[in-house]
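The form predicted alone is given below as one chain in C-alpha cells.
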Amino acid sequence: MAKSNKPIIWGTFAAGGEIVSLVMPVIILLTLLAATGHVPTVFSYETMHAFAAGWFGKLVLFVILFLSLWSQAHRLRITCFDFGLRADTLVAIVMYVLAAAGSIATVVFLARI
C-alpha cells in the first residue's frame, strides 16, 4: 500500500477548524473588550500584551494563527473546486502560498512584540 500525506493535511485542517470555531471568537472578544477597557484587570490590555510578549504567549498565538490559516486555506481550496474552478493545482498553490505568507508574517509580527 502506498504511503500518503493526507493524514498530515487533514490533521492540520481538523485542528485549525477546531481552533477557528472554539478559540478565535474568545480571543477576538477579549481583544475587543480589552481595547475598550471593559474587562477585569486579569484580561486588561497590559496583561494581554505581557502574555503576548513572552515566549509561551508567542508560541500559543503562533499555533492558533498557523492552524487557522492553513485550515482556511484548505477550506478555500475545496470551496473553489465546489464552485467549478477545476484548476486544483493552481488553486492549491495559491492558497497554500498565502497561508505560508501569513505564517511568516505571524512570526515577524510576534517577534516585534
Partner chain sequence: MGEKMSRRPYVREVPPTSWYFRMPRYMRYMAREVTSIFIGIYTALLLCGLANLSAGPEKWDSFIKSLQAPSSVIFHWLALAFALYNSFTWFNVAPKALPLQFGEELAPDSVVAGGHYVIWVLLSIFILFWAGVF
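Given the structure is predicted, the values throughout are model-derived calculations rather than measurements. By rigid core we mean the largest C-alpha set that fits within 1.5 Å across both forms. Numbering follows the first chain given and starts at 1.
There is another form of this protein, the form predicted in complex with the partner chain, and it is not shown here; the text below is about that form.
At the 4.5 Å threshold, heavy atoms of Val23 reach the partner chain in the predicted bound form.
Among residues of the shown chain, Trp55 is not one whose heavy atoms approach the partner chain to within 4.5 Å in the predicted bound form. Within 4.5 Å of any heavy atom of the partner chain in the predicted bound form lies no heavy atom of Lys6. At a distance threshold of 4.5 angstroms between non-hydrogen atoms, Leu30 is in contact with the partner chain in the predicted bound form. The partner is not shown here, but in the predicted bound form the stretch 49 to 76 reaches within 4.5 angstroms of the partner chain through a heavy atom at His49, Phe51, Ala52, Leu61, Leu65, Ser68, Leu69, Gln72, Arg75, Leu76. Here Phe62 does not count as shifted, since its C-alpha moves by less than 2 Å between this form and the one not shown after the core is aligned. Once both forms are fitted on their core, the CA shift for Thr79 between this form and the one not shown remains under 2 Å. Annotation: Cα of Leu30 displaced by at least 2 Å between this form and the one not shown, core superposition. Between Val107 and Thr36, the Cα spacing is larger in the predicted bound form than in the shown form, differing by no less than 3 Å.
The pair Thr36 and Lys58 separates in the predicted bound form: their C-alpha atoms are at least 3 Å more distant from each other than in the form depicted.
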